[in-house]
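One chain is shown next in structure tokens, namely the form predicted on its own.
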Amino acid sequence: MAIELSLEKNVTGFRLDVEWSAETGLVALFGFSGSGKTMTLRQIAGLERPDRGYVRLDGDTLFDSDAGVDVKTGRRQLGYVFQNQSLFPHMTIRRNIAFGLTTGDRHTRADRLRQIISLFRLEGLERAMPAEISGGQQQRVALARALIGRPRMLLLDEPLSALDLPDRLRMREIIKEAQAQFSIPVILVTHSFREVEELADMVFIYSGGRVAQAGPPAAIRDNPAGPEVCELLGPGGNEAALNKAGRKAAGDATFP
């Protein structure tokens, strides 16, 4: 399943102008905060309306400003996990997860609920309230709720940023397992290149509302497009590539 998009959006002091496409797999949108990653995700989901552009999923048009197409969020069949989980505090874990299941008879829904609770290792927590479980467990509940309805694509908005290291490591494995189990494309927003390297098949580097570079994570790590991308990658970047990018930007004549 492929996603194709072209998005333009102007807000106060910021302009998003991106165009990219990707095939089935896990796609990461990587960059500093405020670079347009979450804005892109929200426009794919239909939570924000682009000023101009299109969003196509496997040939189906979800949005097209020129054609006047704007499929409502609920009809796009996309799973979305927010950074803050957005669990219902007054509902048990079981009811939070079941909220994402809207089709099937009572027995089918009950079976589906048992399967998803087992997959995300939430047995024994069904009657707990969100405030009574850990941040990592809350994020697993949010992921289970997003996937229980079998969406066409899963959108993850920095799902690991608020977790401590052990929970982050567990969630990375759970995301991998969920993608393999459900066989759907995933778009992950993150500002951690370590997450990109461990999870993504393809990464789009965002900077100032534009795509600064795109490709497999290893290719970008080894050959960043310039000093700006090197800065985004951080001190763990390839030193030779960093020097190469610096010479390219400043002009080879200034280096021996």
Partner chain sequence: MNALSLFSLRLSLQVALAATALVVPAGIGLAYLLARRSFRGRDLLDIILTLPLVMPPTVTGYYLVIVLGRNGPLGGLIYSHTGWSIMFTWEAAVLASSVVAMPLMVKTARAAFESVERNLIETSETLGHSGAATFFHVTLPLARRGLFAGATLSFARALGEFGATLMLAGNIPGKTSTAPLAIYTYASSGDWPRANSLVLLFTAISALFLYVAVKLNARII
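Numbering follows the first chain given and starts at 1. Note that the coordinates shown come from a computational prediction; the quantities given were computed from them, not determined experimentally.
What comes next is about the form predicted together with its partner chain, which is not displayed.
TODO: Establish, in the model of the complex, whether 161, 170 and 181 all lie within 4.5 Å of its partner chain, using non-hydrogen atoms for the distance.
DONE: Negative, none of the three is within 4.5 Å.
- [ ] Choose one stretch from 162-170, 131-139, 99-107, 181-189: the one whose residues place a heavy atom within 4.5 angstroms of its partner chain in the model of the complex.
- [x] Partner-contacting stretch among the options: 99-107.
TODO: Identify, from the list 154, 125, 119, 87, the residue with a heavy atom within 4.5 Å of its partner chain in the model of the complex.
DONE: Of the candidates 154, 125, 119, 87, 87 is the one lying within 4.5 Å of its partner chain in the model of the complex.
Open item on the list: Please tell me which of 214, 218, 47, 69 lies within 4.5 Å of its partner chain in the model of the complex, judged by heavy atoms.
Closed with: It is 47.
Open item on the list: Against its partner chain in the model of the complex, would residue 95 count as a contact residue? Criterion: heavy atoms within 4.5 Å.
Closed with: Contact with its partner chain, yes.
TODO: Consider residue 73 of the chain shown here, and say whether it contacts its partner chain in the model of the complex, taking contact as heavy atoms within 4.5 Å.
DONE: Taking the distances in the model of the complex, the answer for residue 73 is yes, it comes within 4.5 Å of its partner chain.
Task: Partner contact for residue 146 in the model of the complex: its partner chain, 4.5 angstroms, heavy atom - done: Residue 146 belongs to the contact set for its partner chain.
Open item on the list: Although the partner isn't part of this model, could you tell me whether residue 42 comes within 4.5 Å of its partner chain in the model of the complex, counting any heavy atom of the residue?
Closed with: So residue 42 counts as contacting its partner chain.
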